[in-house]
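There is one chain below, alone, in structure tokens, taken in the form predicted on its own.
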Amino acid sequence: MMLFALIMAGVVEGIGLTALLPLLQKAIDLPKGSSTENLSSSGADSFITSALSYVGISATVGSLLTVIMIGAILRSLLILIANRKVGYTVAHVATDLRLALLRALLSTRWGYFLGQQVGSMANAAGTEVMRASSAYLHAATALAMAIQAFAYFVVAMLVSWKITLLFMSVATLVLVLLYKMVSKAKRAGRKQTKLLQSLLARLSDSLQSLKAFKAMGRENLADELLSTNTMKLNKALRKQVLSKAVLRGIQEPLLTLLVIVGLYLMLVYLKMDLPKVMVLIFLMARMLNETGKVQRKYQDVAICESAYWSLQEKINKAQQHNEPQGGDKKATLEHGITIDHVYFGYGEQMILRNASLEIPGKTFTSIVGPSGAGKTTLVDLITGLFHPEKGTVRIDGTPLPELDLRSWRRMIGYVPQDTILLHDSIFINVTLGEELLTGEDVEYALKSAGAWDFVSEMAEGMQTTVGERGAKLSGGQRQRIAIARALIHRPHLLILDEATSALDPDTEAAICQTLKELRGQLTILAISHQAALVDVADRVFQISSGEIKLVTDHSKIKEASIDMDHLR
């Protein structure tokens, strides 16, 4: 639609411009009182005079002015339609690119996602998407200008093809000589893309650690690092601005000089008719002006296009690491989970060796072991975030790869060790924005997590904003909100990864009592050093040296837990 409107606008403008030559010829050559006489047509003006005669209209001053006016109005309407379509399409381009990136990232394997910088991905979804859509806008605008320039070119060729080709040959030479400024701007754009990635990635990391920096009086280190990157970015932007200014500053005088020289040659040396010279100069000036704009818009495209290619590279890499969705069998959890002779490692470091255990359905299982023994890795294997190198993970006897992975994960409530809350209300943090969940569901989850008492005492209740990463809440309160988030879907499997580590003894006891009451309703898997979770567990497994062993004497686990608390 955009391209069709632009082409039609060029055609309409061309038709309108063909009326200029007979109009000027008539105004200069014909005496007063003869404005209603037909104009003899020859050359370029024959088209318009013949067309008017075909519909029974005389080629008078009035009819010619009418043709020019109608052409101007139709061109404006068609350009309006084209620009509207360009605007809509730019918005669609930005939306499609952003969604493509987000969906590619959310569909990747967990291992690939761990290697990405959050700030870099945020920059891609924000800055790079906008710069990429701007490149499309500049390209579409350049196309519109090129079509208009072509319309002037066609009409000029009808007036005098020799003069027109000579003009365009010299103009093309000028534009080629100025292409160096486009190349400089392109290099500056690439530098800008790389520096923005680095700067925003570091900025994101620094802001997440700002509390620690300020507490130690070392925020100046973050300032120095960010300032260095910012100054490099400023340098790239200055080169970009300079190249654009130089291109415009040199291009316009040269093209103007070309028009002046052409006017002189046609009048003095070629001794062409004044009406024809006037029309040609008008057409050449407009054609060169639009052609110069095309080059400047192309320079804008060159500046922004690196963001598009950077974005495409991220999308393509993410798609190459797309996570398989498993089989088509529907997951159930009635009998239990089996880890059967599993081997798994990161690179050359083997974490689990011939690990086996069984977690019966609707029981409470705790897994203990030193840091780095593989407790969280075991959970990642159960949730399908990682896959064993050898051995099998079975859910109700079905190998995990044969299950619909998403349906299995929808049955899981997961509470990580590092509790991260959204800068939003408690309600949103528990529901994660799912519209089907109600206030009653949130209240149930908060009560189950032992969080209802402190939430109900807040002035705004569950609509209270928790602050950035939950900073307005205590560590224990944040963790209880995270537990409520895991329970709100009434999962079949509840996984707690050191979920009570930040809780005081009384709150931990309350949580354990809640978990104890849930036993028999769902399967609970807890990773912890805390003795309280060992006490309420039906089974306790210990991971050591990559192997898993069932612990029958819980007192040893308690003693180890007390020793670790003392060391902490």
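From 1 onward, residues are counted along the sequence shown. The shown structure was predicted, so the numbers you read here are calculated from the model rather than taken from an experiment.
From this point on, the text means the form predicted together with a small molecule, which you will not see here.
**Request:** With heavy atoms only and a cut-off of 4.5 Å, decide whether residue 375 touches the small molecule in the predicted bound form.
**Result:** So residue 375 counts as contacting the small molecule.
**Message:** My question is simply whether residue 351 lines the interface with the small molecule in the predicted bound form - judged by any non-hydrogen atom within 4.5 Å.
**Reply:** Taking the distances in the predicted bound form, the answer for residue 351 is yes, it comes within 4.5 Å of the small molecule.
**Request:** May I ask you to check whether residue 114 falls inside a 4.5 Å heavy atom distance of the small molecule in the predicted bound form?
**Result:** Residue 114 belongs to the contact set for the small molecule.
**Asked** Does the small molecule come within 4.5 Å of any heavy atom of residue 360 in the predicted bound form?
**Response** Answer no; every heavy atom of residue 360 is more than 4.5 Å from the small molecule in the predicted bound form.
**Asked** Which pick from 498, 424, 252, 205 sits with a heavy atom within 4.5 Å of the small molecule in the predicted bound form?
**Response** Spelling it out, the residue with a heavy atom inside the cut-off is 498.
**Message:** Please tell me which of 370, 401, 391, 336 lies within 4.5 Å of the small molecule in the predicted bound form, judged by heavy atoms.
**Reply:** If I apply the 4.5 Å criterion carefully, the residue I get is 370.
**Message:** For the interface check, one of 460 to 468, 261 to 269, 376 to 384, 276 to 284 should have non-hydrogen atoms within 4.5 Å of the small molecule in the predicted bound form; which one?
**Reply:** Residues of 376 to 384 come within 4.5 Å of the partner.
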